[in-house]
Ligand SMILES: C[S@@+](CC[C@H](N)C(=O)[O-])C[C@H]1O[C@@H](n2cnc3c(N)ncnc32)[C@H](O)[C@@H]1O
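Only one chain is given next, in structure tokens, and it is the form predicted on its own.
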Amino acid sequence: MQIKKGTEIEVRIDSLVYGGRGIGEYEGKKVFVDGVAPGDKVRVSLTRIKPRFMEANLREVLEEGAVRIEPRCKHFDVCGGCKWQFLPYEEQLRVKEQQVRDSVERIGGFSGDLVGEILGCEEPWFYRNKMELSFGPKGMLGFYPPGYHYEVFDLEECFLQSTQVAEIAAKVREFARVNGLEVFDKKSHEGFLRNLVIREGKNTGEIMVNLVTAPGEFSQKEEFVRLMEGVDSVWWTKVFQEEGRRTRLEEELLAGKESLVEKLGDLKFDILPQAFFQTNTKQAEMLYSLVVEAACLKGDEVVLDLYCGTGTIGLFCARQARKVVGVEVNAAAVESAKMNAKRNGIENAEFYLGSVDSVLGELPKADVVIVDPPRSGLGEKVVDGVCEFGAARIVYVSCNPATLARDAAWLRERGYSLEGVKPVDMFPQTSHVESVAVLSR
């Protein structure tokens, strides 16, 4: 049989690789496919053919592997949010831990024994503190199916958000339908409604609702506020998009408090609408405790907190350090970080606005450097800059084991030793995994 794009073949899935794809083998070539579990025998359609591997789309599960279970959510087949619902949670943890170990060994060239046992979630459902839903035609409110940017399916249930969040979404959906509000069209740039963002304080019970629209008159504003009775913070954000210009946001507080308050440990955090905050509150407490433990602070250290977001990690460290200096490129996050330091009576923490790679030369020498970069990792330029501080320890919080392993190898070349890596599951039912790595000079 001639192998070409569109050819359908049968393959047995051996394991899952980082990113969630399954991997099998056909005529000596690796085959990568989404939506499969280890042990599945599947029929797939080839989409990409290379000398050493092929990629394919799933057509049919012919035989289910022993670990596969029935997904809990009715939207599983069309929603891209919880791709691992067909795996028992224990299997999800096993696979994620192994993927971190594989990256450390194969990409970084370190011993896999440096990777510890993964820290799982006590409750792998209803853990998200933020949901961003999109409006679709005829008043639909939900998510985009994988690979789609214009079609939305109407969300009827979701087991990652609380029932209170689901009830608010249902109210807003009905509000949009009754009032005949037009949905923003990304192709024509006409219409009004864009997104609904709901944030929840898992430890405080506070709720923030942010209605995101295109510019235009919102004559139902007062009605919307009444609908949100009991919500702690109600915002309206207008998105201005013009060809050749940067997208601009205009925010208006419609009712309630400016920020949502959340607690992590004994600290309280003010979260503004555009500020980043870890999506899984309970696991974030554990993650930050790991970071503080890894930093080995004795009280006289200067700590750099790079990519600091709303200052959560740095503020966790501040009471055990002489000084904390945070750097973040998101202006709303920096504002939140400063508010959070003041709210918690922390006076030895400073936060600066700017991209890490552009301000490294202006920062003070440090005893400990904490980094929490995006999925792309630090990159060699930032690794060089971090090493210039001469810090005794680097604590690396990673959302991508591949770039973590790469950066750790670069740090090794510059005199740092990898002491250990602790995987942390922040996003159950997905393939994503966080890790805390410790490096010493």
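Note that residue numbering begins at 1 and tracks the sequence as displayed. Here the structure is a predicted model, which means the values were calculated and not measured.
Beyond what is shown, the protein has a form predicted in complex with the named molecule; the following relates to that form.
Candidate stretches 329-337, 232-240, 202-210, 247-255, one within 4.5 Å of the named molecule in the predicted complex by heavy atom: Result for this chain: 329-337.
The named molecule contact at Ser289 in the predicted complex, heavy atom, 4.5 Å: No, Ser289 sits far enough from the named molecule in the predicted complex that none of its heavy atoms falls within 4.5 Å.
Residue contact check: Val356 to the named molecule in the predicted complex, 4.5 Å heavy atom: Flag for Val356 set to yes.
In the predicted complex, Gln278 touching the named molecule (heavy atom, 4.5 Å): Yes, contact at 4.5 Å.
Gly35: touches the named molecule in the predicted complex, heavy atom cutoff 4.5 angstroms: No, Gly35 is distant from the partner.
Contact residue in the predicted complex, from Gly108, Gly142, Gly309, Pro273 (heavy atom within 4.5 Å of the named molecule): None of the others qualify; the residue that does is Gly309.
Among the candidates Gly65, Gly379, Gly385, Pro373, the residue which, in the predicted complex, approaches the named molecule to within 4.5 Å (heavy atoms): It is Pro373 that has a heavy atom within 4.5 Å of the partner.
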